[in-house]
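A single chain, nothing else alongside it, follows as C-alpha cells in the form predicted on its own.
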Amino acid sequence: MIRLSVITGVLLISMSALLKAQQGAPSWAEESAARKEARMSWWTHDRFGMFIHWGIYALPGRHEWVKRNEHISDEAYAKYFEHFDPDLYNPVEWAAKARAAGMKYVVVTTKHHDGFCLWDSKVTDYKVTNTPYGKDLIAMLVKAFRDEGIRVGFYYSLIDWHHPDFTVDRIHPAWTGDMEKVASLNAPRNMERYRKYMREQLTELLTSYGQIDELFLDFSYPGANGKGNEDWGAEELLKLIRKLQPQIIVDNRLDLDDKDWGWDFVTPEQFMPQEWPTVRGKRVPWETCQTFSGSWGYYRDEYSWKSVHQLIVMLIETVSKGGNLLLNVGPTARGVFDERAVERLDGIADWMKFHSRSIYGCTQAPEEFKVPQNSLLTYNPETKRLYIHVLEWPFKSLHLPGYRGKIKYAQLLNDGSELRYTTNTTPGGSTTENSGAEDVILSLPVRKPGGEVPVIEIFLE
C-alpha cells in the first residue's frame, strides 16, 4: 500500500511507489510534460481561488463534520434537510466579492461527506431541489461566477454518509469500533453500487454545466477500516473524468499517488509547506486550501479567525513557494457570507487592488535573489520583475544582499513612486557596516506605505 506523507513540507513517496510510477501510463492518460504545463497554465498564472463549503450542515452551524463529530443518526440529521431554505442566497453578490478580492477561480462543494447534493441530481432524492428551497444552487452559482469572469471548479466528496451502499468505516458517523455491529450494518451494503452512483453523479456534473476547470475529489484514507483507490474504482473514475472534460485539473486525493498520471496537483490542507513541495525529487504544482477560521462549513461559535494581515501574508508566502491558495468561505443557512468573512474579503480586496501584479503570473524567485530581512519574494518570469513584500517596515532603508548590477528601476507598487538606491552605502553616503561590495541599499520613506503589506517592485536588468 502506498502512503503519501508530508515531512517538513516536502512530499515524499515510498520506493515501491517510485517503481510503480516508472511504469507507463494507460493510453487515455498519456500526456507530455509540455501539454500538461499548457493545460494548467491558467491555474499557475491565476494563483488565487475561492473555496465554498456549503450544505445543510450550515443549519446546525457547528462544523461541516457535525454529523460524524456528534454521531448524529440519519433520522436526527433529517431535520436539517427538511428546513434548508437559503432565502437570501444571491450568488451574484458572492461572485462580486470574489472578484473584488482578486480571486480568479471558485471551487464549490457540490456534495460533501454527508451526501447532500446542491444540484438537481437525477440519481438521488437527497438533493436541494427536494428541500423547501427547491432550486438548483449550482446552476445559479456557475452562471454568476462566469459572468464575473471567474473560472468554475467543483468539489465532490468520494465519501457519502447518507448513501445506503456506502460501507461503514472508521470515519463514518455510525462507527463505534464494535466490529460485529459494523459487519451487521455493512451486510446489505454494496460498494460496487456506490461506485456506479459516483460515476453517474460525476457524469451529471461534468456534462450539465459547461466547461469545469478544476475538480477537487475528497478524500482517501487507506488502511485498516478505511478506503482507498480500489474502493472508489479510482482509475475508472479518473478515466471517465478525463473523457468528459479533457482540460480539467484534478487533485491528488484519489489514492493514485504512485502514478504520475493519477493527479495534477498536490493539496496540503490547513498548513504551509516549508518549501515548494516535491514528489520523487521533482517540484510539482500545488494548492494549499485554507480557512478563515478553524472549520470549512459555517460555524457560528468559532472564534479562531485569522486576521486580514495573516491571510494576505499567507497568499504571498504561497506564491513565493510556487503555489496556489484556495481560501474558503462557509456561507450561512440563509445563504449569505458570514460578516466576519466579508470583513476579511474586503481587506484582501483593498490590498489586491494595488498589489495583484505581485501575485498573478508570479512564482518563486530565482535562487540568485536572496530574501531581504523580514520579507518575502515573488517573481514574474514573463516581465522579469521581482516583488519584495516587506512584512516589517524598516527605518529609511532596506538592504538587498548581492543585488548589485541586477536592478534597472525600483518603485513602490501601491502608487508607482520611484525608490532610489545606492550600492554599498546608506542614503546618507556612508558605508553600511554589514554590507558587501555587491549589495544594494534601497532608500525608503519613513512612514509605512501601501496598506497591510507594502510591496517593492524591482525591474530587473
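The first residue of the shown sequence is 1; numbering continues from there. Only a predicted model underlies this, so the values are computations on that prediction, with no experimental measurement involved.
The same protein also has a form predicted in complex with a small molecule, omitted here; what follows describes it.
Discussion item. Please identify the residue among Lys104, Arg344, His355, His112 with any heavy atom within 4.5 Å of the small molecule in the model of the complex.
Written reply: By the 4.5 Å criterion, the partner-contacting residue is His112.
Worksheet item: Using a 4.5 Å cut on heavy atoms, which of Tyr89, Phe219, Phe265, Trp305 is close to the small molecule in the model of the complex?
Response: Result of the distance check: Phe219.
Worksheet item: Each of Arg47, Arg146 and Asp213 near the small molecule in the model of the complex, meaning some heavy atom within 4.5 Å?
Response: Looking in the model of the complex, the three residues Arg47, Arg146 and Asp213 all stay beyond 4.5 Å of the small molecule (heavy atoms).
Fill in: Arg253, heavy atom within 4.5 angstroms of the small molecule in the model of the complex
Judged by the heavy-atom cut-off of 4.5 Å, Arg253 is in contact with the small molecule in the model of the complex.
Worksheet item: Though only this chain appears here, would Cys289 touch the small molecule in the model of the complex if you measure heavy atom gaps against 4.5 Å?
Response: Cys289 belongs to the contact set for the small molecule.
Item to complete: May I ask you to check whether Tyr155 falls inside a 4.5 Å heavy atom distance of the small molecule in the model of the complex?
Response: Judged by the heavy-atom cut-off of 4.5 Å, Tyr155 is in contact with the small molecule in the model of the complex.
Item to complete: Evaluate Phe81 for contact with the small molecule in the model of the complex, applying a 4.5 angstroms cut-off between non-hydrogen atoms, and reply yes or no.
Response: Flag for Phe81 set to no.
Practice prompt. Pick the stretch from 61-69, 35-43, 405-413, 391-399 whose residues have a heavy atom within 4.5 Å of the small molecule in the model of the complex.
Written response: Comparing against the small molecule in the model of the complex, the contact stretch is 61-69.
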